[in-house]
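To begin, one chain is listed below as structure tokens, in the form predicted alone.
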């Protein structure tokens, strides 16, 4: 039996409904939602239509739409095909995405239209899809509020009353597939914190036009910017805080780990990392701890911040401090500008290439590139500079700060933690203490970040109070400095062309596109139990917990030969579907174990230098970032002083 033809009368408004094939998800990430909205905008230019309302849910779509120059079939088919092609490209899938022929019942009259819009407005809130509120912000082009505002009605409850609909009963005249809202929009919005306001359209001035824009001014971001600038690129560097350095400066974590392989005989890291270390040595602002199983450099964070200022200025990079990245502007599957907000207001930086060194994936997530979060995010830590610990140690034989802080017999003791501390070069008597943990905090979420900052500082005070109140000489303890930002270990990960695995790390796999080398052990801070696990390249494993003997074992049997270092491939910095965006730092694509090793700063530093170098090559040759030849990238890194193996 033939399917009935769709009506083609001019002026009809349709309720378009479609769902995923076999009820599968058609929107898996925030980027999928954003890309669909962009597709709506692009399609409107080619096949004009009026969009009166829409609702995107993980497995289905609702559109209230009126075609203006062609049939509803041509409009919707173009939209669905566009989404299918992007979906397969970004998720590496194939086959059917949509279930088949979409439904498109015609809206019968004004009352039907208003009832339908009432349903579409409330639908995602009824389903309690909070991610919908984040992924689908209203804008000036496609706001579902426009029709309601034109009718002089705000809110689904008021709308329902205006057309005589009882929101707790049946919606009269609802379209096929529509269901009545159970509660008012205001009630649902309040429950999900989904209340919104509408921003008016604005013209955003372009403050800079450059070749490369780096989002995030950690040492990783600085090294990316400097590397590209030294290769002739015009570079802008956007940092939300008042100085560069990220975790090493803002968060006071003043350790850079070893530049040698595990034998201690072969240097595997150089480049900008060692250039900065040598500059700090000239100011007596770094101590070297070699050889040791935990080989490392201890830095003066304040001196490092100033050194990075000089590095940026010497390279001719355009710095933007106290500047928030707001959103990307996209065209033809590329990011073409970054909208920023600073003391001068909202502005924009236009560039041909971008690097996300934000740590939290702010750029890639908002650009619609695929990201993910681990089911168990490693907890952040608030560090602090304390004075007077040496006084307490002298007056209390065998004093151990970690044992004291986690001693359950002492009031206010911390739980589920791990503590270490280091000297501060150039400041006698000062110690950087890292002993706090804020469990269950995803610091890419603003509210959770706020909670983590406050809780971390509370724990710092608790450490001070424990020592002051229970140990001789405790009155000498002084809290000299708090971090400008909590030290974040993990939040979002970009989904890239290659996911680095723990097995690849621990077996020392060599990659033809390797851009970084490291030896730091697999180090996992669990969110739900005290202590942490170390896994080493020689097969050893340790579980270290405050107040308890270290539990030693092996993650594999002894081998005739152990790897002495591991590598990070360039493919782990290229987001899937990206043409001109790279990532660097802890945003790399790695599984839980691999991330526990690769996330430390000496590794992230190398990723930054490599990303900046790759960006410069892609710009010079006019190619996508994924088309950069690994051989050329590695040769150029070596020319810049990096060690390429």
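Positions refer to the first chain, counted from 1. All of these numbers come straight from a predicted model, not from anything done at the bench.
Although it is not shown, the form predicted in complex with a small molecule is what the next lines describe.
- Under a 4.5 angstroms non-hydrogen atom cutoff, the small molecule in the model of the complex has residue 599 among its neighbouring residues.
- Although the partner is absent here, residue 452 sits far enough away that none of its heavy atoms falls within 4.5 Å of the small molecule in the model of the complex.
- The small molecule is not drawn, but in the model of the complex it has no heavy atom within 4.5 Å of residue 318.
- Remark: residue 240 counts among the residues lining the small molecule in the model of the complex, judged by a heavy atom distance of 4.5 Å or less.
- Of the candidates 296, 485, 279, 234, 485 is the one whose heavy atoms come within 4.5 Å of the small molecule in the model of the complex; the others do not.
- Distance criterion of 4.5 Å from any heavy atom to the small molecule in the model of the complex singles out 323 from the list 301, 572, 371, 323.
- Residues within 4.5 angstroms of the small molecule in the model of the complex, judged by any non-hydrogen atom, belong to 583-591 and to none of the other stretches in 65-73, 37-45, 583-591, 613-621.
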